[in-house]
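Single chain ahead, written as structure tokens, the form predicted alone.
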Amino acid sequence: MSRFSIKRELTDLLIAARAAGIPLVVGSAGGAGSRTHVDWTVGIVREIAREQRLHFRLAWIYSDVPLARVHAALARDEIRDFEAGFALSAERIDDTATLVAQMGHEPIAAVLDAGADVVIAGRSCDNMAISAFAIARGADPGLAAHMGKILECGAFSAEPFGMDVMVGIVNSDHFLLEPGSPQRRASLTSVAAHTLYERENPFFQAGPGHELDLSQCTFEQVSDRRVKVAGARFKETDYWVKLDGARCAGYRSVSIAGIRCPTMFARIDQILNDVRAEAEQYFVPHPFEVSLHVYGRDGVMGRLEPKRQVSAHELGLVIDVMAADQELAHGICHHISGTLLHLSYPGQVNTSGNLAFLHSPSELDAGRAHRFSIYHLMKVASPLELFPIETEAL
């Protein structure tokens, strides 16, 4: 995440929240919500407090999970696949560099009940981070969780959609939604559509320790800009949390180039296959991964692209290499780009200069690259078990 943007937006939010006496809650701090991200965000909050002379009770919640805890759950058969598509193994656990659990509303509600003015939370279930304040103040958890689901993308649930603010107001048997901007309106279509966003089942949504039943929901347009929503029901279940784990997959180097030669277009698949094979032979015995993305043909969808016949007058090529260390990744990427640059092939008119590079130097080193290693559910003893809390008076 951009430190500049985080500090700028947190400054606005902290000043406004403290002036109004409204608690401020940040979920999945820093983007992923690991301890590193939480500490980084807390540091920015302290910096803003000093600069703006703000005083408040700060709480932060960690969400990192010790690998030993996951090994124990695996041994007790308390791990389930979520959307990873594979059973979790001890080897995958040990290969994980960073692991967080997705908290529900309970840890956030606990620190709000204890008097926190500002909460910086680790990895959080999006809608429950938003609903935590309402639930802490006695709102029906089903209504609050459903409201949080619609609010989690801001004014994407308004017309015309945007990246600014939606306002939710929870009452005893319904909640109301309207955009913060007078240039937008909430409609039945925009609000109901966002209820279905990112869900496989239109009626049920599972979350940490609960299932949200939306089968009896109603939507009512109560004014031109406001929609009333009712009917969501919150059912408590055994408490399972989602685990997000990442492993280091290697180091990445990238080269971006343009191709504007119709004779090369006609043979691009064979050319790329030959160059890939030559690089694999050249760098034996070092393993690496190379992805060659041809934009203007199938750079977005790859093999799933149904319209693969080239009709453009130019193509974009992204050479993406991952290897065990940065020096090796850079060398492989440079070797492939250099081979393509001076490659000869049947029907060629020009003698070299097949690629026009976007940058100089032509290879950009992107550092460590990560992939999901754990995307599973784990049973826990309580909603607070994995989420230690720290507090500070500023």
Partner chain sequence: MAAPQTLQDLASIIRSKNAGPYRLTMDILLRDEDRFRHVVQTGTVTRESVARAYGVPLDHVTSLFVVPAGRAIKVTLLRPVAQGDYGESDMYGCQQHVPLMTLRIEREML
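None of these values were measured; they are calculated from a predicted model. Residue numbers count along the first chain shown, from 1.
Beyond the structure shown, there is the form predicted in complex with the partner chain, which is absent from this document and is the topic of what follows.
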| property | result |
| --- | --- |
| Listed residue (172, 201, 311, 281) with a non-hydrogen atom within 4.5 angstroms of the partner chain in the predicted complex | 201 |
| Listed residue that, although the partner chain is not shown, lies within 4.5 Å of it in the predicted complex (heavy atoms), from 293, 235, 286, 80 | 293 |
| Among 96-104, 69-77, 301-309, 112-120, the region lying within 4.5 Å of the partner chain in the predicted complex by heavy atom distance | 301-309 |
| Complete contact of 146, 213 and 239 with the partner chain in the predicted complex (any heavy atom, 4.5 Å) | no |
| Touches the partner chain in the predicted complex: residue 379 (any heavy atom, 4.5 Å) | no |
| Any non-hydrogen atom of residue 189 within 4.5 angstroms of the partner chain in the predicted complex | yes |
| Any non-hydrogen atom of residue 219 within 4.5 angstroms of the partner chain in the predicted complex | yes |
| Interface membership of residue 252, the partner chain in the predicted complex, 4.5 Å heavy atom rule | yes |
| Contacts with the partner chain in the predicted complex - residues in 77-103 whose heavy atoms fall within 4.5 Å | 83, 84, 86 |
